[in-house]
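Form predicted on its own, single chain, as C-alpha cells, below.
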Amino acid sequence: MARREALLDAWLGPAALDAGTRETGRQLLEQLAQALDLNHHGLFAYSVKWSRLISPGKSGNSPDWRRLCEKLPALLADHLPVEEAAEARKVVEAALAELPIEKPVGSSGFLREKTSLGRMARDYLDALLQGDRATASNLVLREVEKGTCVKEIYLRVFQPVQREVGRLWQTNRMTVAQEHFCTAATQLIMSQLYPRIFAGKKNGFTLVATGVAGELHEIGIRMVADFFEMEGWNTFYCGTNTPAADVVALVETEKAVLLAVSMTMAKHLTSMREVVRLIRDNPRTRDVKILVGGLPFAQSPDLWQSCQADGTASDAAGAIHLAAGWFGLNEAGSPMEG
C-alpha cells in the first residue's frame, strides 16, 4: 500500500493536491493491478477512457490523463520488480493505443427517445431530476395500466435511466445526493409493481441473487431477480455487500440451481472470485450454475471465464436467455417438452 501511494505521488505530482484527481488516480492504479492480476488489459483501458470524460471538479483542475499515462511506464520501472513493470508497461501502452489524441467531448447518453418508451424514459428522468417522485411513479403506473408489460418498463425505462444517471454522476453533472435520490426513487417505484411481478405460476427452479461483499450498487441485480420471478422462478434476492459464506449457505439451504452475482467496480473482483470458489468447493453446491454481471464484465467480455463462472449477461433479458438454454426452458420460463 505504501509503495502504491508513493507511486501515486510521483505519478500525479502537483495534480495530487486535488482530492478528486488523487482519488481517480488511485482507482486507475487499482484497475491496473486488477488488469495484471487477471490478465485482462481492457479493464485499465476502459478506466482511462472514463477518466478523460470526467469534467473539472470544484477546484477547476482537469488533468490530462493521456499525458499522465504516457509518463506512467517509466515510473513503474522505478517502483515495481522488473518483470511486473514490463507487464504493466504493456497494459498501459495498450490503453494508450485505444485513446484518441483529443479529449472526447462527452457521451451522447443512454436515452433513445425515438425507441419504444423512449419519450417516457426521458420524462421519467426529468421528473426524478426535479425531485418529483410522484410524477415519476404516476408515469410508470399509468403505462402499466394501459397494458404495457412490466418487463418492458424495466428494459426501456428503468435500465436506460439508471445508466444515464450513472453517466451523469461519472461526468460530474450530478451530485452523489442526486444519484442516490434517483436510485432510491426507482427502487420504490419498482416495489409498487411487485403485485404484478409475484403473481405468476412457478416453474420449480430457484435462483439466489446478490451483490458481492463491498458492493453497494443493487438496482441492476435486483432487476435480474425480478425478471426471473416474472419468468416463474422462486427467487431469493439478498441485496448487496453479502458475505461470501452467507451466499453459499443460502444457495445450499434453498437448493438453488442458479446463483446470479453482480459487481460494478473491478476492485471487487477478488470478492467475486471468492464467492465462486466457495460455491465450487462445496460438494452440495459445486454444480450450481453461476451467472456474473456488472460493468467490468461488459468492459472485458471474457472476464467471466477468469472467475470460473458459467456465463455473463449485459442485462436481465440476457440473463433469462442464458438460463433458458442452461435449464431447457422455453420463452415463457417453463420446461420444454420432449
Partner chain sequence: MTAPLVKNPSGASCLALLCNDSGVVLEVLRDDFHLSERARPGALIFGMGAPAQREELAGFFQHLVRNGAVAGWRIALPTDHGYLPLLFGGGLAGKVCLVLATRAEEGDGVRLEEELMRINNEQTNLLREVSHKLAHRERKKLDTGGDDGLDDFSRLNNELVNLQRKLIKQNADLARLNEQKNRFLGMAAHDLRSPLGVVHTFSGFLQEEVLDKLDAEQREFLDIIRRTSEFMLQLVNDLLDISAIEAGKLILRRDPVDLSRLVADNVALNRVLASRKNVRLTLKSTSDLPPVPCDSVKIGQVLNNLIDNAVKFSPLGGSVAVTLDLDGDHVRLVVADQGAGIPEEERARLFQPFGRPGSQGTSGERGTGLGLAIVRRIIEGHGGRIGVESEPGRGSTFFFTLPLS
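Residue numbers count along the first chain shown, from 1. If you're wondering where the values come from, they're calculated on a predicted model, not measured in any experiment. In this text, rigid core is short for the largest set of C-alphas that superpose within 1.5 Å between two forms.
Heads up, the form predicted in complex with the partner chain isn't pictured, but that's what we're talking about next.
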item	value
Heavy atom within 4.5 Å of the partner chain in the predicted bound form - the one residue of N282, Q299, Q27, S271 that qualifies	Q27
The single option of N172, N138, T253, S116 touching the partner chain in the predicted bound form, heavy atom within 4.5 Å	N172
4.5 angstroms heavy atom contact with the partner chain in the predicted bound form for V247	no
Close approach of F110 to the partner chain in the predicted bound form, 4.5 Å, heavy atom	no
N234: touches the partner chain in the predicted bound form, heavy atom cutoff 4.5 angstroms	yes
The partner chain contact at N203 in the predicted bound form, heavy atom, 4.5 Å	no
Segment that reaches the partner chain in the predicted bound form - one of 155 to 163, 123 to 131, 186 to 194, 91 to 99, heavy atoms within 4.5 Å	186 to 194
Post core alignment: K202 C-alpha displaced by 2 Å or more between this form and the one not shown	no
C-alpha of R173 off by 2 Å or more between this form and the one not shown on rigid core	yes
